[in-house]
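One chain follows as structure tokens, the form predicted alone.
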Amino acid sequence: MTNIPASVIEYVQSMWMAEMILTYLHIDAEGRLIDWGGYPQRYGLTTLTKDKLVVDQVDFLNGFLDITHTEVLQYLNIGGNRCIHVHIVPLEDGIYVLLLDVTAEHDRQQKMQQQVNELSILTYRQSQLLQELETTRIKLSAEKQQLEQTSKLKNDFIATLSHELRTPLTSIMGYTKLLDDAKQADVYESNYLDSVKKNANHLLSLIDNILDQTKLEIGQIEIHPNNCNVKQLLVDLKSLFLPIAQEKNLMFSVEVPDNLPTQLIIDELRFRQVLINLITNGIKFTDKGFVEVKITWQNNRLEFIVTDSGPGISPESQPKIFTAFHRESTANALPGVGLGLAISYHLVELMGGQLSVESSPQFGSNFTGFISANSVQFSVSDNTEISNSNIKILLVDDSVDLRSLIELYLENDGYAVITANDGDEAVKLALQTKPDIILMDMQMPVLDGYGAVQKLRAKKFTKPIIALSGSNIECDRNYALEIGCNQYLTKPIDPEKLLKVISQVILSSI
């Protein structure tokens, strides 16, 4: 499949599904089949013929080739209990159709939905039980008070009886409190959620590292310095990693000098990424002892050292430690693909610094580095603020989970949020409620984001629209901006970047 253009490969990588492609079709502007690759027979395409109209050979493409932007046909049933995603990508040299077998994913989603339904029923039943227990606790407490009052007026027999009653009441109330505490932190539920979060974060870290390594190799990563509260960043990292270190009985500390400025001009996202990679490695490879982070500031240099008491790195491996996909033999049983240190090394270089390692087997490792940084000079005139509570945002996305997550980010930042499930609903709500800004998913059922934006602009809606898309192909970005979007953000959406772009768009529209 080496004939696929680089832009199509980038598009596939943006969906994190490059390994799922089983075949592709290359079609010319007249709809004739130019070439194909992979395993078309897997999809029942056993008699493909070049220079022949593709709609005569592939039924499900009929009516979908006359498009100007990327189109996705999701979970298409092609018989034999198989489901596929069909991505139709228009380029200058014709149309590329990518066929992805998602049968396993479809089955997993169905199974997951069943589990979610069962969990909802279980949660509802648990809520009922806890409510009944709380009612019982209140009732028992009232009975206890009544018994205490009665005991003062009764003779020794009643006093003795009261004593006999209090013993089981105390036991019942004690166990009720334990159940009430379990409502706050059920051991099993806590373990389940911890496992989900750890594995999700690990998977996202792997995906991000692979994408970052690819971008580094082709020179697409850029550094974006901005005002950063480094002290708060370090506090956040300590809060993040201290519980993880304590699970392994490790000491974890972060030392911050008194002379560190509150605000520095650095790329906060990339500096955080470097520290997270280094700390994660330290905790992962250290079974006992400590992991510590030391920060120093001098001469416009932000210096850092991440030290651990782990097994150390052999002298022959140290020259290769910052090489992509290099892994020590001691790491074979641990998660990871060997990209974190390589990415950190290159990011530090991009930020005008260096990263090095000093280590000896059995005596731990020191990862030492620095980046260029300037302190922020505050101006009296930099006090202009806009109250987010006066800004109304319409959030449009067909994914309930993603919509809820972004809505939480926006509401936590003070915005008033209205939501819509598809483009058609978005158009109606926008014209009725007149939001100050719209966040528009570009790939949705009923009416996609492109069509919704075109309808809104045709109806004289002039407020800013930010496109949210899983595509990083330049023609899709250009098309979104051409039809009326003010900004274009690719998924996964970084909350800090999203909030920053929203602020910039609002300020520019005032």
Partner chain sequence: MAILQKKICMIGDFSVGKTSLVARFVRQTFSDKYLTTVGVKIDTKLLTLPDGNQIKFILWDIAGSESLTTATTSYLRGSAGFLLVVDGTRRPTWDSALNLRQTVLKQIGDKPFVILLNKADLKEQWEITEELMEEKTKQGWKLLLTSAKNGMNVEQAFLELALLMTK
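The structure displayed is predicted, hence computed values, not measured ones. Numbering follows the first chain given and starts at 1.
The protein also exists as the form predicted in complex with the partner chain; that form is not presented, and the subsequent description refers to it.
> Let me know the one among Ile466, Val55, Leu33, Cys475 whose heavy atoms come within 4.5 Å of the partner chain in the predicted complex, would you?
That would be Val55.
> Though the partner chain is not shown, can you say which of Asn390, Gln128, Gln145, Asn259 has a heavy atom within 4.5 Å of it in the predicted complex?
None of the other options qualify; the answer is Gln128.
> For the spot marked by Asn277, Phe290 and Val293, is every residue within 4.5 Å of the partner chain in the predicted complex through some heavy atom?
Looking in the predicted complex, the three residues Asn277, Phe290 and Val293 all stay beyond 4.5 Å of the partner chain (heavy atoms).
> Does any heavy atom of Asp424 come within 4.5 Å of a heavy atom of the partner chain in the predicted complex?
Judged by the heavy-atom cut-off of 4.5 Å, Asp424 is well away from the partner chain in the predicted complex.
> Are any of the heavy atoms in Phe64 no more than 4.5 Å from a heavy atom of the partner chain in the predicted complex?
Yes, Phe64 is a contact residue.
> Contact with the partner chain in the predicted complex for Tyr75, defined as at least one heavy atom pair within 4.5 Å: yes or no?
Flag for Tyr75 set to yes.
> Answer for Asp101 alone: is it within 4.5 Å of the partner chain in the predicted complex, judged on heavy atom distances?
Output for Asp101 is no: heavy atoms all beyond 4.5 Å of the partner chain.
> Mind telling me which stretch in 406-414, 297-305, 119-127, 361-369 gets its heavy atoms within 4.5 Å of the partner chain in the predicted complex?
Correct option: 119-127.
> Given a 4.5 Å distance limit between heavy atoms, list every residue of 92-113 close to the partner chain in the predicted complex, or none if there are none.
Sequence-ordered list: His106, Gln109, Gln110, Gln113.
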